[in-house]
Each structure stands twice: as C-alpha cells, then as structure tokens.
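Next up: just one chain, as structure tokens, the form predicted on its own.
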Amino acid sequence: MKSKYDILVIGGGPAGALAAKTAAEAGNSVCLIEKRPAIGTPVRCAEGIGKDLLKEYVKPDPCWISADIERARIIAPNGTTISLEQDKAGNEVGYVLDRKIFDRELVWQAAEAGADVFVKTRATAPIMENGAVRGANVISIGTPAEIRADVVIAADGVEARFARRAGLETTVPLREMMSCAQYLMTDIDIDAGSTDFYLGNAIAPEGYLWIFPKGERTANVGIGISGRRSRDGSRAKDYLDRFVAKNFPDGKMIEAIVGGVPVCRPLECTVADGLMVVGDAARVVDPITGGGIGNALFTGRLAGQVASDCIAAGDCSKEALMAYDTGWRNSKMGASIERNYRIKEYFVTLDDAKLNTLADSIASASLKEFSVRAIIKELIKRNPKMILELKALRDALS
C-alpha cells in the first residue's frame, strides 16, 4: 500500500469497483479499500437487475448469472396477479445475479486495469485540510495507515459513514429506511422464470415481499417494510417468517440477512472539496423497487470519469467535481429516481382495498413495455373515475 494515490475508493461494491476501474483505465493511480475480508460477502441484496441496464456496463457472464428471468408478477392483497411477460412486452426483463461472484469480477476488472485493492481495510476518518478531503486514515488488517489522495470516492454503502464524517448530511428519515430481511431458500416450489412481488399491508406494510429465483428450486425470499412500521412482533423478519411458514413450510434456509435500504431522495449534494459520493451511500437506490445495482454502476462510472477529468485539469474542488453531481441528476437515471420517489409516496398511502381495485383494473392488460412508467400509465388509462385520486401519479409522470 502506497501513502499517496490520485484516487482513493472506499468500498468494493459495484459502484466502487466501476469507479476504480474507470479511473485506472484513464491512467490514474487508484487504491480501492474494502472493510470486509472478502469482496461480495455477505450479500445484502435481492440481486436482481434489468438485462438492458446491466449490458451498458459489463458483458453478461453465465458464471455470475443465477437466473434468466422471463416474467414478473405483482400479486395484490386479494391474490389478483398482474403478469408482465417478456415475450409480450417490448423489452427484456432481467437477471438474478450471484453477487458473490459478480462483485469479485468487477473488482478483478478494476485490478486488471491497474488499481491496487486491499480487503479488510477500513477507513476510520477522512484526512481534512482547510475544509477539503485529502485522503483517509485507515486500519488495514489491524495496522493503522494514512492514505492521501487528490479525490476520495465514498462507495461505502447504506451506512455512508465516510461522507458523514466529512461533513455531509446523510441521515435517512426512519419512514424512508426500509427494514429488510431475506432468506436464501432451497427445496421450494417456485416459478424459476419469474420474479414475484407481493403487496399488501398484511404481508409487507408500506413495502413488498419478493421471491427472486436462483435456480429451479432455490430463491431469495425477502421483504422490505417501512422503518416506522417495524416494532416488536411486527418486524420485517416476523412478516417474512409468517410468509415462509405458510408458503414454503418444507423449504430449507441456507442464508439469512437483515439490513436497511434507503428509499428517500438522494443526498442534497453528492460532492465536496476532494470528495464524491456514489451508489447507496449517495442514496440513489430506486425508491419504488429498492433496486440499486444499476444506479450504483452508473454513478460509479460517472464519478471515475469526472474525477479523472478534474485531476487532469489540476482542480479537485467542489465546484469542479459538481460535473458529477449535475451529470447524474440530469440523466435518465436521475429523472427516474425523482419520478419513482413521487410514485412511492403515493402508493404507501393506499390501503389494501385500493391496491386491489388498481390491480384488478390492469390484471388483464397486455403491456407494451416492461417498466414502472408503463404500469402507471395503464393504471391512469383504466381508472378514469379515479382521475382526482390518481393525480399524484399523473403529476409524477409529467
């Protein structure tokens, strides 16, 4: 480990890996540190991503694709099922990845591009000089060290500790932090070509429960509920246990994880002097789906590009790094996050009766596109008597 790099990346998930790879390919000296002893574990994700989105960043490899999805089903509280079929819609559905292998592949690519990689290395505090971030104090396998850098890219996930220690406000309101639990289960009866989403306040209040297949009889079975609805006896794990007992009583659990997913708006600003924040740390998770892999890849690559440009120009001030912040906000991804945040805010207000009414109205629809936008447009089209009720959704699409 050297004491000085052009760029220090904190976090070895998809955002950090792609930032490191992009910056190294541009000719910068790059150091990527990961606090965990191994890249990719433990998995803290349902592992789903759209096919088109993934292909923008990396060529799909069967080695890290667990399932090729053909359809998605949304199941309303009354059991009404909205089925979105790949062969009927105009775009592909998605993959369920094996993040243990996928994340390592991305970091290997960063290393091959020239980045130094250190695991079990934790950033304990930013190095601050005249209000600017100039690197990080770290502990690497028990040994303290100082790593200086012209730009630090914080990709340390939901906790976002580094950005907070550098002075950025990263607090997520309790109501906008999804409390999640997920089991990797095997020997269960599932549709191996379908991702299933269960809605309803009795199943997952202000959230949803998912089944993401990872093989013929294996799947991630998980749930996210609003943090404000989590209490003793009604935690995410309690809801998940009840669903599993009812639907997969003979299934075997081989992994279990719990954690939080922010479904708030992104950070007010994702840069500071010498600092950029990417991925979950920047709060760019899709507020309605909870998906974060694609947005992490987008922000990671953009951060690597902008950091490289700023280093070449000899200016790593907040003003110069703002090209990253404005770049993702003005992108299709930025617009999608804002739109889906507004849609999410509407849906969390619905009771089960209203969810059933909306689901019944489009259950027979044959959607021409596989997207949140297409579903919302169909809901508005098929419920003219609810024009005032659905105004919030119409406004979200405008």
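Just so we're clear, the structure is a prediction, and the values are computed from it rather than from any experiment. Quick note: we count residues from 1 along the sequence shown, nothing fancier.
Same protein, other form: the form predicted together with a small molecule, not shown, and the subject of what follows.
Task: Which of 141-149, 77-85, 275-283, 323-331 lines the interface with the small molecule in the predicted complex (heavy atom within 4.5 Å) - done: That would be 275-283.
Open item on the list: Under a 4.5 angstroms heavy atom criterion, identify the one residue in R99, R71, R301, R134 near the small molecule in the predicted complex.
Closed with: When the small molecule is considered in the predicted complex, the option within 4.5 Å is R99.
Open item on the list: Between V271, A204, V261, A219, only one gets a heavy atom within 4.5 angstroms of the small molecule in the predicted complex; which residue is that?
Closed with: By the 4.5 Å criterion, the partner-contacting residue is V261.
Open item on the list: My question is simply whether G200 lines the interface with the small molecule in the predicted complex - judged by any non-hydrogen atom within 4.5 Å.
Closed with: Outside the cut-off, so no.
- [ ] Using the partner position in the predicted complex, report whether R122 sits within 4.5 Å of the small molecule, counting heavy atoms only.
- [x] Taking the distances in the predicted complex, the answer for R122 is yes, it comes within 4.5 Å of the small molecule.
Task: Partner contact for K354 in the predicted complex: the small molecule, 4.5 angstroms, heavy atom - done: No, K354 stays farther than 4.5 Å from the small molecule in the predicted complex.
Open item on the list: At 4.5 Å between heavy atoms, is C45 in contact with the small molecule in the predicted complex?
Closed with: Answer yes; at least one heavy atom of C45 falls within 4.5 Å of the small molecule in the predicted complex.
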